[in-house]
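Shown here is one chain on its own, the form predicted alone, set out as structure tokens.
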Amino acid sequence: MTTLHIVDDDEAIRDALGWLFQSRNVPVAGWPSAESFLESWRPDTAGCLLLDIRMEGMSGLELFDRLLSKGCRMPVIFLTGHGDVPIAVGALKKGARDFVEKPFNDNELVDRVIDALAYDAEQREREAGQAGLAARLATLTQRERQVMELVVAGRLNKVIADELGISMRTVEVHRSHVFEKMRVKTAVELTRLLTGAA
């Protein structure tokens, strides 16, 4: 499981939230300010951000805006007081995952965070798969790519040979190379791989 990053300038709240999530086996990192989190944030920082809207210094909203400008796609859940609901709704429109009003129900908050952590893990897995697919596609020669496109289109070897002006044996060799490089055994697997990444 990835990490829940709690950013709150109130040490007592940070500690209480840390204890709550650790008691549910959720890994936690606490940050005393938006600035401290922003300083340590990297594009590969995984997990979920539980962010207080109102803090001394940089506010939670300012941190959220700065992270967005840096390309951060980590799910963000805002903790908000009663009067901050319109502000939190505005953050949702910018892409925040959720907001939770104080006082909050512990179980509901934990469930929302676990959902956000699962979402982040799925997104990162999908991105890694797409990067792996792109790397495999990059190994194909131009002719192998042409053969692959026709195989995926459902063409038979004889038809591919006619369309490309090459022998059927050459099509079979290219097709074999495509399957090997793409790590599939059948045209159906190849089609699923390529359409699943689209």
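Given the structure is predicted, the values throughout are model-derived calculations rather than measurements. Note that the rigid core is defined as the largest set of C-alphas that superpose within 1.5 Å between two forms. In this text, residue numbers run from 1 along the sequence as written.
Below, we turn to the form predicted in complex with the DNA, even though it does not appear here.
Quiz item: Taking the partner as it appears in the model of the complex, which of 49-57, 66-74, 164-172, 28-36 has residues with heavy atoms within 4.5 Å of the DNA?
Solution: Flagged stretch: 164-172.
Exercise. Using the partner position in the model of the complex, report whether residue 137 sits within 4.5 Å of the DNA, counting heavy atoms only.
Key: No, residue 137 sits far enough from the DNA in the model of the complex that none of its heavy atoms falls within 4.5 Å.
Quiz item: Is residue 158 close enough to touch the DNA in the model of the complex, meaning at least one heavy atom pair within 4.5 Å?
Solution: Although the DNA is absent here, residue 158 would touch it in the model of the complex, with heavy atoms inside 4.5 Å.
Quiz item: Could you tell me if residue 40 has a non-hydrogen atom within 4.5 Å of the DNA in the model of the complex?
Solution: It does not: once the DNA is placed as it appears in the model of the complex, residue 40 has no heavy atom within 4.5 Å of it.
Practice problem: Using a 4.5 Å heavy atom cut-off, state whether residue 130 contacts the DNA in the model of the complex. | Solution: Residue-level check for residue 130: no, no contact with the DNA.
Quiz item: C-alpha of residue 176: shift of 2 angstroms or more between this form and the one not shown, rigid core aligned?
Solution: Moves: yes, 2 Å or greater.
Quiz item: Aligning on the rigid core, do we see the C-alpha of residue 36 shift 2 angstroms or more between this form and the one not shown?
Solution: It does not, since the residue 36 C-alpha is displaced less than 2 Å between this form and the one not shown after the core fit.
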